[in-house]
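First, one chain by itself in structure tokens, the form predicted on its own.
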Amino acid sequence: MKILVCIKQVGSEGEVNRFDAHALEEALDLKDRFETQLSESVTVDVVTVGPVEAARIIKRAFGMGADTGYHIVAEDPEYVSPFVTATRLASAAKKRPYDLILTGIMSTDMMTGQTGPMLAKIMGLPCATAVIKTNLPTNDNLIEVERELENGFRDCLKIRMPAVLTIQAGINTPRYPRLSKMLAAGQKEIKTFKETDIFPEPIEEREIYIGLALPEKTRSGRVLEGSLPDKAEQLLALLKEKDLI
């Protein structure tokens, strides 16, 4: 079984995107369960798109237990279209016949949640988003997963592999890299590709970036007057007016 995990470098410190760390942990956990219960080998590869410095998160993934790392070197502006990112990732995902491709549900910087589903569409694969539980695949290449829905509901699906899963936070606790594996990570080769070598012509974006701004801070309050029963009635009317009850 072959699993590919898409990871992204985020933040001023250049750490692994939080949701991608959960995706990597889930891949490694599937590997542990698969090899223990079925005695069959599993490989876990990682791929990232980003500047030269992004290689550090691949080394961290090696320390956690990943087998092979792909790095598509691209110097990008602040915003990158999810379609562009998904197209880049698809170029790496097509290098081997992967059974599963895992991504975080979103990145903590852009928070669009679109890259995983777009990657699945580009590759023509089924996709399940917001996955909070995975089971071992069956002999007929079906994997059972649970998705998080609103109001505490869950959606249980059986998906035929190969497939793309976007992983929700809370599904697991990412392991710390082992010192021995971190030392060995320096000896592992990261397969590096320049974006211009893969895509001589720029990838056409599907979205137009107009601007990015933080929401304005507003502070407003309302003081309820009168006796305690009066305040209770006012509060009840206010909550109903706001459709909160």
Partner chain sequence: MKQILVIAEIFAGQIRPITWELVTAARKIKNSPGLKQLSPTIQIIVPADNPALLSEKIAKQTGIDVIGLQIPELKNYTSEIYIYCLEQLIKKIDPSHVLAAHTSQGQDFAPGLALGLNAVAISGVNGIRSDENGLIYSRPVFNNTRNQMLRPASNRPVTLTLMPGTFKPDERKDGEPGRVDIRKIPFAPAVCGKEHIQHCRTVKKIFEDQTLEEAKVIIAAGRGIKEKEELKSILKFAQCFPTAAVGASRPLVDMNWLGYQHQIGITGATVAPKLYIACGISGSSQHLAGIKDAEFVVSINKNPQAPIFRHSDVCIIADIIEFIGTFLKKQEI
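Note that the structure is predicted; figures quoted are calculated from it, not measured. By rigid core we mean the largest C-alpha set that fits within 1.5 Å across both forms. Positions refer to the first chain, counted from 1.
Beyond the structure shown, there is the form predicted in complex with its partner chain, which is absent from this document and is the topic of what follows.
Of the candidate stretches 182-190, 210-218, 30-38, 46-54, only 210-218 has residues whose heavy atoms lie within 4.5 Å of its partner chain in the model of the complex.
When contacts are judged by a 4.5 Å heavy atom cut-off, Tyr98 does not count as touching its partner chain in the model of the complex. Contact annotation for Lys59: none of its heavy atoms lies within 4.5 Å of its partner chain in the model of the complex. Contact check for Arg178: no non-hydrogen atom falls within 4.5 Å of its partner chain in the model of the complex. For the chain shown alone, Ser91 is not a contact residue for its partner chain in the model of the complex, no non-hydrogen atom being within 4.5 angstroms.
Contact with its partner chain in the model of the complex holds for none of Leu136, Asp197 and Pro200, as no heavy atom of theirs lies within 4.5 Å.
Shown here without its partner chain, the chain has Thr108, Asp109, Met110, Met111, Thr112, Gly113, Gln114, Pro117, Met118, Lys121, Ile122 in 89-124 lying with a heavy atom within 4.5 Å of that partner in the model of the complex. Core-superposed comparison between this form and the one not shown: the Cα of Lys231 travels 2 Å or more. Annotation for the pair Lys240/Phe153: C-alpha atoms recede from each other in the model of the complex, by 3 Å or more compared with this form.
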